[in-house]
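Single chain ahead, by itself, as structure tokens, in the form predicted on its own.
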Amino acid sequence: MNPAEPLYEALAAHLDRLGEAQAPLFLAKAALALAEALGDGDRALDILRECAKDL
């Protein structure tokens, strides 16, 4: 199992439950909370930039 799979499944479940209208707010809050937990703002920004590629 990919180590990120449980996180992906949890995100998908929350997005399904919250619905399309609430998804952007949830994703923003989740990104900020995860960045804070990471404790490295520059690394968090790098991750966001990487995730935005090829969308």
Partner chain sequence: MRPHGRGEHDSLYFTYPHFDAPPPGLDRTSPVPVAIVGAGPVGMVAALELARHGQRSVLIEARDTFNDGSRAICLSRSSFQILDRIGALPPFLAKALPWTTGRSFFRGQQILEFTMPDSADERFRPMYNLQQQYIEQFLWQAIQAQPLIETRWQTRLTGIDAGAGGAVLHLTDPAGAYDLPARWVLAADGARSSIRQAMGLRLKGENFEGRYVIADIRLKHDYPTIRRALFDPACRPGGTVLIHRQPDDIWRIDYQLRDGESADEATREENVRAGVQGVLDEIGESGDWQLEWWSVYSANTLALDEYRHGPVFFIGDSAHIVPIFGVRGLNNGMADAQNIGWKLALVLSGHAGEGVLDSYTPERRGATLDVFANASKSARFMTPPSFGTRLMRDAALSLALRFPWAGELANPRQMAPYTYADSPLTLVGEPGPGPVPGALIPDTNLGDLFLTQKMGPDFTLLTLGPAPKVSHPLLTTLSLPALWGAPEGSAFLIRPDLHVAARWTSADARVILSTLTAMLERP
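Numbering follows the first chain given and starts at 1. All of these numbers come straight from a predicted model, not from anything done at the bench.
The same protein has a further form, the form predicted together with the partner chain, not shown here; the description that follows concerns it.
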{"item": "Any non-hydrogen atom of residue 12 within 4.5 angstroms of the partner chain in the predicted complex", "value": "yes"}
{"item": "4.5 Å heavy atom contact, residue 20 to the partner chain in the predicted complex", "value": "yes"}
{"item": "Close approach of residue 30 to the partner chain in the predicted complex, 4.5 Å, heavy atom", "value": "no"}
{"item": "4.5 Å heavy atom contact, residue 36 and the partner chain in the predicted complex", "value": "no"}
{"item": "Partner contacts in the predicted complex for 33-55 (non-hydrogen atom within 4.5 angstroms of the partner chain)", "value": "50, 51, 53, 54, 55"}
